[in-house]
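Below sits a lone chain in structure tokens, taken as the form predicted on its own.
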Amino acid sequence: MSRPPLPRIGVFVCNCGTNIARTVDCEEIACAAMEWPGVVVARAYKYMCSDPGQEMIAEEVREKRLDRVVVAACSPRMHEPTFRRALASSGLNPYLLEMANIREQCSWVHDDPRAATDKALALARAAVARVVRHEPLEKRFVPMNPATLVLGGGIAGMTAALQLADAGQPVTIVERADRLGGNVARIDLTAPHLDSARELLLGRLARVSMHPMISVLLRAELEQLEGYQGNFTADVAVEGASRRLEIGSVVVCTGYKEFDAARVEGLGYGRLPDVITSFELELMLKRGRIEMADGRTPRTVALVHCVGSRSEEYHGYCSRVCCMTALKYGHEVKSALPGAAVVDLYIDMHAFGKGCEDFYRKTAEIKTLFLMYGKNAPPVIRPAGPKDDCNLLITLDEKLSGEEIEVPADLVVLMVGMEPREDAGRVAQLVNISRDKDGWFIESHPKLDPVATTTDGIYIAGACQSPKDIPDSVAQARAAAARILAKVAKGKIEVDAIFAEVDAARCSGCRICGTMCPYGAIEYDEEQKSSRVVEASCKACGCCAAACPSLAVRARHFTDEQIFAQIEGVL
């Protein structure tokens, strides 16, 4: 009995500019590939992901009647969808593609060109061996529920809700507090233009409260979320009662909490009554009076930056908004107390936003005294003596002068940084998203997909993802809403053709697969006494296939035959 003929394979090697070609001889790989079984064309090109590169692949598929394509380039995470589209445009099933990662796994981690080229050859040869066993797969579709659940009623949450509602889609805002507004409602003015935060919120609050497409649940919390993109079921606890919502998407806008300044003992917060936090000063400003604990008016107000931020002991990241907020306080103190002196103690001045550098210059012009201290060497604050003409003394190693100095002050304001909320871990577990080492929610891609998460249908916006100011939070909320509206407009959700399948005849009903699945994509059928994969939720991670003792689970596009062929090819 004769063996079926090998498919006609094309191999395309990307130089990635010099990212790959600097270390790997791409032309050598293309030449060598022509000797491998089934390969009828092999080409190297400077940028295979570019429009000309994709057109080259599509043209070769048509002209050479290719059955399979191998692209040796960067990570499949980056450009596998790009090359699948190129195959589809030429009439070839997009899953008859295999990528060999010769950038992240080869050129970027090796210095020896010969060794790197040999490894790239092995990776490309393995891809050719594997692609022979690929099967044409077809995507499927599920209906899209247009309703959206927004967790958090701060500036980001209200913005996302209004964008969706204005497009005619139903939205439910779930807010833990007894009012909307979030952290912005605690602020007096906003930097750098000193606009009223209250005026900023009032318009949105009015629109949200009157919008016929927005429902607001106050003193409410998400209890459970089940389902998949386009078809979620959310259980929400509202003042003791439980309400079930049918939704298609979730936008997480749960915000942040301020750092507990009492953790930095040398600053005296909690022990010295005239050492306050930035939010406590905001409360004074909203009440219209800046005063010390005994009711006196301070003659010198000191602002200490980076409390809890940019510290090896607490948080290494920058909280971003503190510098401009401190400059804002300089203006507000001078406006409320024209005779008072303002001292600004900083590590670095981060004036990153539009208009912020000008704001920094204007703050210097109102005679704010700027003093610089070292990272991981915060100032020490203590009570002044009876002979000192002040309330507090701040000791610091001043970097610009190179001297240790004492700064007199009557009121010290600690610019507390942002950190994730206490319930961030629980929220992440409920909506099945991940957190980084600092506890912030992780986006799908930090540059190319900053509002989506690795769980389809779950989006993040605002300061729950990382420290950010109001404009960035609003922009991210609008982006999340746009992503949802683009899917709602289609009316259905495309399900990737790569997912796991359970052979009910071989399934023993042990349910190990359901326990292992990180996406909650496996259900147990009590009638059939076997497990079943919810295709729309499956991410083809392979946990179930690897764990199944009965070998009842088959991972489409990652079958045993394909993996073994790849191993043989690389060896």
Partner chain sequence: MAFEPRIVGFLCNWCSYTGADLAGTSRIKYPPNVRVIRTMCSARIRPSFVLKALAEGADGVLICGCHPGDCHYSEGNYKTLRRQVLLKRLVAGYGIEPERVRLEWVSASEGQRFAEVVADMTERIRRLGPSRVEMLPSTRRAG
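Only the largest set of C-alpha atoms that superpose within 1.5 Å between the two forms is called the rigid core. Numbering follows the first chain given and starts at 1. In this text the structure is predicted, and so the values were computed from the model without any measurement.
One more form of this protein, predicted together with its partner chain, exists but is not displayed; see below.
Comment: 447-455 is the region of 447-455, 236-244, 250-258, 215-223 lying near its partner chain in the predicted bound form, near meaning a non-hydrogen atom within 4.5 Å. Although the partner is absent from this view, Asp274 stays clear of its partner chain in the predicted bound form, with no non-hydrogen atom inside 4.5 angstroms. At the 4.5 Å threshold, heavy atoms of Gly268 stay clear of its partner chain in the predicted bound form, well away from it. Shown alone here, Ala377 lies farther than 4.5 Å from its partner chain in the predicted bound form, counting heavy atoms only. Shown alone here, Gly542 lies within 4.5 Å of its partner chain in the predicted bound form, counting heavy atoms only. Residue in contact with its partner chain in the predicted bound form (any heavy atom within 4.5 Å), chosen from Ala546, Ala504, Val40, Cys31: Ala546. In terms of contact with its partner chain in the predicted bound form, the residue from Pro170, Gly227, Pro94, Pro76 that brings a heavy atom within 4.5 Å is Pro76. Shown without its partner, the chain has Ala115, Asp118, Lys119, Ala122, Leu123 in segment 112-140 as residues with a non-hydrogen atom within 4.5 angstroms of its partner chain in the predicted bound form. Shown in the overlay between this form and the one not shown, fitted on the rigid core, is a CA shift at Ala21 smaller than 2 Å. The Cα position of Ala552 differs by 2 Å or more between this form and the one not shown after fitting on the rigid core.
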